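Just one chain follows, in the form predicted on its own, and it is written as structure tokens.
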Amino acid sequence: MTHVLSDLVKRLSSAGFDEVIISMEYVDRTMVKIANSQPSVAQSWSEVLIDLYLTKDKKILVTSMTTSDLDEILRETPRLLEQINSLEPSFIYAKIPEPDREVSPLTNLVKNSTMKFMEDPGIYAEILVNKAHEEGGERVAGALDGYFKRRCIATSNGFEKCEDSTGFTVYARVFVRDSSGHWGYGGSGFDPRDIEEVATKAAYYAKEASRAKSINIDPGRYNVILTPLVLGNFIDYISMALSGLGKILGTSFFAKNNPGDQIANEMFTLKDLPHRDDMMSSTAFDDEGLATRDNILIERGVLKSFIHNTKTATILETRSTANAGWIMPRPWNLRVEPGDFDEEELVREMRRGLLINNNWYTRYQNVVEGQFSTVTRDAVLVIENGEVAGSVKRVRIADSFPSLLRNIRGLGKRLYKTRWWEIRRSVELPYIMIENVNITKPE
């Protein structure tokens, strides 16, 4: 495949583009969806995704295609040239870097467990449903999804590499009467016990919410414990605020900060780890052909680095962190370092507050200040004197990410590789306790 892409790069360069990068992904995917404790959809499919990065006279054009016919790209060349000629030179333009030609693709990213799931997904869907029922769940909804991916990058300055990987995700929503609990997992591979744990954790929260008396709480500020599901959604937003492009454009709530600034409680450390063979977004090279490496983004509350590609690094007079993204730098695998608390200890430490199982519909009210709101989904447990005292049907968190980071008061010892549709990144996270969080009621 690299030879085919290399030839295509040469032909596009000859057509009049100054720089060319082609990213091609071939993906085989299998998915099972579960509704009312029964598989409702089971499907397998393949697709080819092609992304093009083209420059001419410091103008930048990025476009995508879903085609296995590479000649179609050549047929589109006159239109692409017309489009790029109509653009203005980009203020973020920087020459694509000299690639790390000696970088070796990671070779341990294809997991047998994921390949076996793709051959016979029904077995694993049955494990999820049976375990949820065994743990007291009355109904189960969710999905299991596995893929094999071959990713290839070819550039006009000579980088040509391919890398194979797999990924597997499972999430479950378990119902007990009118209460629900949720959990998810995502990694390059899995053990059947990971599927069972998803069912067990989701059933636990459904049962706790079901057996606890329903309580109405007043809007105000509360101490909260967030599960890795909620923290995973928040880390999505926090990591993108650490993008160098957001700092340049002033659209990040960290735009006024610089490396060395204290931006979180000292117990909080966030790392980007692209070489983890058990996580979903690992890679040896980024979209510019640079060798990836581990990066500490926040260490003991101190901002250590923004996430950079060559463009943002050039403007901010630093070096790329190998997180291209041709326009927007992106993280690979995000890990929040663990703390000192067992999960039960976090609850026992709370005099009065909430434990929030899950959330969705996170939206900014002011992106520059990091002000946001999000609605809880599934179990919300009221904690009093270290014990579950009741449950709340639904509340809204309306606060700011900088405030949450400053008010962290505890982190769990155990890390979870967590995934569902509100978590777009590959993450490994603990439970987290945060003080003084603003809680309102959904409209």
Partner chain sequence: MIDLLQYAVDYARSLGASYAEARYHSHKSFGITSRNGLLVSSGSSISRGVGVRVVVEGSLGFASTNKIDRESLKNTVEKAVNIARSSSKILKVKILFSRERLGRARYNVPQRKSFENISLEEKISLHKDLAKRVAEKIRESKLATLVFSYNEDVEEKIILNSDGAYVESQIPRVSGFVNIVLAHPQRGTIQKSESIGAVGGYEKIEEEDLLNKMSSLTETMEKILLKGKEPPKDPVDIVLGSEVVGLVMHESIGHPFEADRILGREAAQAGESYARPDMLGSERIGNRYATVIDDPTIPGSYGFYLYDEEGVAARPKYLLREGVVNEFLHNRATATLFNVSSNGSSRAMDYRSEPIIRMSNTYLQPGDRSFEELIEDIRYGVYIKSYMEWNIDDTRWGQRYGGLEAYEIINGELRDFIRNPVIEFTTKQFFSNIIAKSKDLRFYAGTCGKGEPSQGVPVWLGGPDVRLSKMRLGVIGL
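Please read these numbers as outputs of a predicted model, since none were measured by experiment. Numbering follows the first chain given and starts at 1.
Note that the form predicted together with its partner chain isn't included here; everything after this is about it.
In summary, among the residues 293, 300, 101, 221, the only one with a non-hydrogen atom within 4.5 Å of its partner chain in the predicted complex is 221.
Shown without its partner, this chain lists 62, 389, 415, 70 as candidates; in the predicted complex, only 62 has a non-hydrogen atom within 4.5 angstroms of its partner chain.
Not one of 207, 381 and 436 is positioned with any heavy atom within 4.5 Å of its partner chain in the predicted complex. Per the 4.5 Å heavy atom criterion, its partner chain in the predicted complex is contacted by stretch 125 to 133, the sole one of 335 to 343, 283 to 291, 125 to 133, 262 to 270.
Taking the partner from the other structure, its partner chain in the predicted complex has a heavy atom within 4.5 Å of a heavy atom of residue 32. Using a 4.5 angstroms limit between non-hydrogen atoms, residue 232 is distant from its partner chain in the predicted complex. Using a 4.5 angstroms threshold between heavy atoms, residue 424 counts as touching its partner chain in the predicted complex.
For the chain shown alone, residue 237 is not a contact residue for its partner chain in the predicted complex, no non-hydrogen atom being within 4.5 angstroms. Taking a 4.5 Å heavy atom cutoff to its partner chain in the predicted complex, the contacting residues in 347 to 372 are 360, 361, 363, 364, 365, 366, 367, 368, 369, 371.
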